[in-house]
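A single chain, nothing else alongside it, follows as structure tokens in the form predicted alone.
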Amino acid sequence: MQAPGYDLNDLLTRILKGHPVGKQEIIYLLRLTDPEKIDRVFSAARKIRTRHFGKKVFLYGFLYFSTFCRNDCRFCQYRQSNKTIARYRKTPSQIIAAAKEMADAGVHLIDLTMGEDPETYNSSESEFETFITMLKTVQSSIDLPIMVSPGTLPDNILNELAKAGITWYALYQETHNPTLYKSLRQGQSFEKRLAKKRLAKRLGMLVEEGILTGVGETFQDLADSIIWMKNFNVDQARVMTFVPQKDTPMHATRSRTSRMELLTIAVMRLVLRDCLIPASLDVNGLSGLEARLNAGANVVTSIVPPQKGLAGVANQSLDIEESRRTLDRILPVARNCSLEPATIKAYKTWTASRQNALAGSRDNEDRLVC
């Protein structure tokens, strides 16, 4: 269905005044192709970012500590069926050392990511105890918020993480179209993945959602995802361009430019407003950072220390060993976008205020139930 036309200047003026953005308006914005009009959308996104966050940017260290996975996602190079890729499991001491190094460098958060490693998921809960102990040790060693992205954890393990004070749970749906999801994440429940995010929210954790572009989605699908994130009140919303991976079922998918990713970042900012939105280094590396920040992102993610044997996600080794994912290389780009790194205190204040608001909303729901 063709989206109705709008006067772009009028629409952006209303959005800047607080006008809620409807689905057809989102589709209209996502369908823009004129560079001058897209630049106007980016400018509006930056104005909203400044309104909520000033000129500050947050910085996330990234540790992909196990690249083993029991799942067979069609888009992922780390899918179980890919027997050609080199894999690793980092030891707790290696993880802790790398986390300390990044904390000393000045990041605001440590993102600890793994696949659904069979060694953990297909065994007794003692393996999850090792995982939880490692997280607690990292947390006590660095005194920074921690994000975990370990897949669809059992409910009791997710509860343990919340009790331990882990701030963030990241679990990407990739799309909110159940049919497309079934194609991308074969054999994995769409509803189960949503339920884990809802549980994390109820437990007081902040939640990051993520979607992909270039995987067969429509403009309507992207709009539905943005609206879902708005209704769910996600705390961080990520979009990434799909990068076709060798030896996967989607290896022959036509590579896309990052134009749709950039426009989606901007529209997310117009709709989600005070949500954190990452500029990921995983797709285009350092060379793509400025465009993502200028589209309205306010977090630099996937900062990876070199010489640790650590991998990225969309591009396994892009810019890592060349030390192009370090703060020394990232901060000049941010400053070229008129952004400065926030203080650790400012980031902790933001996450605490978000969690306090979440706790308040849960208390109100409990009172209504009573």
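For clarity, every value in this text was computed on a predicted model and none was experimentally measured. All residue numbers refer to positions in the sequence shown, first residue = 1.
Omitted from view is the form predicted together with S-adenosylmethionine (SAM), to which the following refers.
Using a 4.5 Å cut-off to S-adenosylmethionine (SAM) in the predicted bound form, not one of D39, T264 and R292 places a heavy atom inside that distance.
Only one segment in the set 341-349, 25-33, 308-316, 39-47 has any non-hydrogen atom within 4.5 angstroms of S-adenosylmethionine (SAM) in the predicted bound form, and it is 308-316. Although the partner is absent from this view, T113 contacts S-adenosylmethionine (SAM) in the predicted bound form, with a non-hydrogen atom inside 4.5 angstroms.
In the predicted bound form, M240 approaches S-adenosylmethionine (SAM) with a heavy atom inside 4.5 Å.
Shown alone here, F219 lies farther than 4.5 Å from S-adenosylmethionine (SAM) in the predicted bound form, counting heavy atoms only.
The closest heavy atom approach of K230 to S-adenosylmethionine (SAM) in the predicted bound form falls outside 4.5 Å. The contact with S-adenosylmethionine (SAM) in the predicted bound form, taken as any heavy atom within 4.5 Å, belongs to Q245 out of N177, Q245, S258, N82.
Comment: S-adenosylmethionine (SAM) is not present in this chain, but in the predicted bound form one of R273, K90, R193, K201 has a heavy atom within 4.5 Å of it, namely R193. Residues R185, R193, L212 are the ones in 177-212 with at least one heavy atom within 4.5 Å of S-adenosylmethionine (SAM) in the predicted bound form, listed in sequence order.
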